[in-house]
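Given next, in structure tokens, is a single chain: the form predicted on its own.
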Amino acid sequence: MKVDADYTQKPYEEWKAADWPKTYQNPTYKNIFAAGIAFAPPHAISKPMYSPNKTPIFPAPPRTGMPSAIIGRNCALNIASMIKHGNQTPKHTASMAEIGAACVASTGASLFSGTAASITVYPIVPDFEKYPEYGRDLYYTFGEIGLAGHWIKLLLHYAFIYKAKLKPFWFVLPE
């Protein structure tokens, strides 16, 4: 679904982080929001490439997991504000050009020999105006493989279950 993004067709060199949605509100139907895979990205997040047989390769951003939770939370806050206070202009934003994401892919079940690939990226959508060299802040963008990531994945697993069951203070756990 189209949301508050700039869907103007333009060459890769003219793509900007500002093209990406901030509130995820549909421009026609103001009471409809789209989070996660429900919204249509305005363009790919990296330079379009082609395979040797000319098949286009256009990477889209991750729109599941952590980004979806952050975007969904802000959409919910905007909807609640519209209902409670009659606000027609959403105040909560979560542009993928301003938020980061983390992913931990774990292998093995042992506390002492399991490993995981831990990856963080900030921002999700590259912003070459703010970070001219790579489009991302390299202090917050990295990847690593090891046992520590496996422990974090285990911790996240139990934190997610705790939060899903709405146990005491579930709401203080981050997305």
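Throughout, we count residues from 1 along the sequence that is shown. Predicted model only: the values in this text are computed from it and were never measured.
Below, we refer to the form predicted in complex with a small molecule, which is not included among the displayed structures.
Asker: Is residue 145 close enough to touch the small molecule in the predicted complex, meaning at least one heavy atom pair within 4.5 Å?
Answerer: Answer no; every heavy atom of residue 145 is more than 4.5 Å from the small molecule in the predicted complex.
Asker: Does residue 65 reach the small molecule in the predicted complex, with heavy atoms at most 4.5 Å apart?
Answerer: So residue 65 counts as contacting the small molecule.
Asker: If we define contact as a non-hydrogen atom of the residue within 4.5 angstroms of the partner, is residue 35 a contact of the small molecule in the predicted complex?
Answerer: Result yes; residue 35 sits at the interface with the small molecule in the predicted complex.
Asker: So in the predicted complex, does residue 153 come within 4.5 Å of the small molecule, heavy atom to heavy atom?
Answerer: It does: once the small molecule is placed as it appears in the predicted complex, residue 153 has a heavy atom within 4.5 Å of it.
Asker: So which stretch, 131-139, 107-115, 50-58, 35-43, is the one near the small molecule in the predicted complex (non-hydrogen atoms, 4.5 Å)?
Answerer: Going through the listed ranges, the match is 35-43.
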